[in-house]
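Below you'll find only one chain, the form predicted alone, shown as structure tokens.
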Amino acid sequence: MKILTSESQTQTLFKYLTSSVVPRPIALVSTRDKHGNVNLSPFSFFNVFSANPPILVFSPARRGRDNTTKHTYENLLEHKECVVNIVNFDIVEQMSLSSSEFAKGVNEFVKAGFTELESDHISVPRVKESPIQIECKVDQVIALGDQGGAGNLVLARVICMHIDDDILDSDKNIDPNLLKAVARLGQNYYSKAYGEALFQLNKPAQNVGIGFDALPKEVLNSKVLLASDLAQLASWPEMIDETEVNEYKLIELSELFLEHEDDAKALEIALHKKAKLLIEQKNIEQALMCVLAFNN
């Protein structure tokens, strides 16, 4: 499928964009208008874009069907403060209810059963039930267009964060399994950002990996190792010395070489299978020595 934006309707683009750019965190944003009326509404066009200065960005876009603007957007033009309340699984149903198009001036805290909590530095209330509440002052509101579906980027400067102690681990880090955050996908789909959905990757931020181009051709063309396996080998910070590979070959791989001494192809497959097992065990250095031993 190929979609040309110049030939597509806004609703079609919205459907495919929001189903492609996933998962998206959800900002449950509280605001108030110039008369003091409080509003609460969720937005999944949302993320953190800077730490210095600390900036969150979310977008209360124009409605695609009739080009009207949302109360959150209107409120922020009148009163440049908001609270971004993080949504977790415990409040996801209430969050969904708050997205209903209640009439202007209706307090979604009341409609969705949330509790208003006074903020420390701004006049907009926080959501007591949210595990993380972020007080913000609005730096800019950038309109991306004037037609239905156009975004309005709200650049919200973080003033203060309130983090529930119950979601912190012993090192005072936020534990995703205690936070239980949820994220938005396309259509009516959501995802959980905890439990079996979690996995960890070692970031090659400090050590530059050797790269795919440093791996032998037979490794790149392996029938056993997947691209994800090769990426882990290629992330190793330096090519291993030939002497070290030979020592590993004599100590750890001698039985494999004896077993397949008359069948080079079978030996290659056996080495790659062993390397894959080592990769699964996160023993990347030995896995790399294993595949390099074939040519040593």
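Keep in mind the model is a prediction, meaning the values are calculated, not measured. When you see a residue number, it is the position in the sequence shown, counting from 1.
Form predicted together with a further copy of the same chain: not shown, discussed below.
- Although a further copy of the same chain is omitted here, in the predicted bound form all of Val22, Ser44 and Gln94 have a heavy atom within 4.5 Å of it.
- In the predicted bound form, a further copy of the same chain sits within 4.5 Å of a heavy atom of Ser228.
- For the chain shown alone, Leu77 is not a contact residue for a further copy of the same chain in the predicted bound form, no non-hydrogen atom being within 4.5 angstroms.
- Residue contact with a further copy of the same chain in the predicted bound form: Leu277 places no heavy atom within 4.5 Å of it.
- a further copy of the same chain is not shown here, and in the predicted bound form it never comes within 4.5 Å of any heavy atom of Ser170.
- Remark: of stretches 264-272, 50-58, 247-255, 31-39, the one touching a further copy of the same chain in the predicted bound form is 50-58 (heavy atom within 4.5 Å).
- Taking a 4.5 Å heavy atom cutoff to a further copy of the same chain in the predicted bound form, the contacting residues in 122-147 are Ile132, Ile142, Leu144, Gly145, Gln147.
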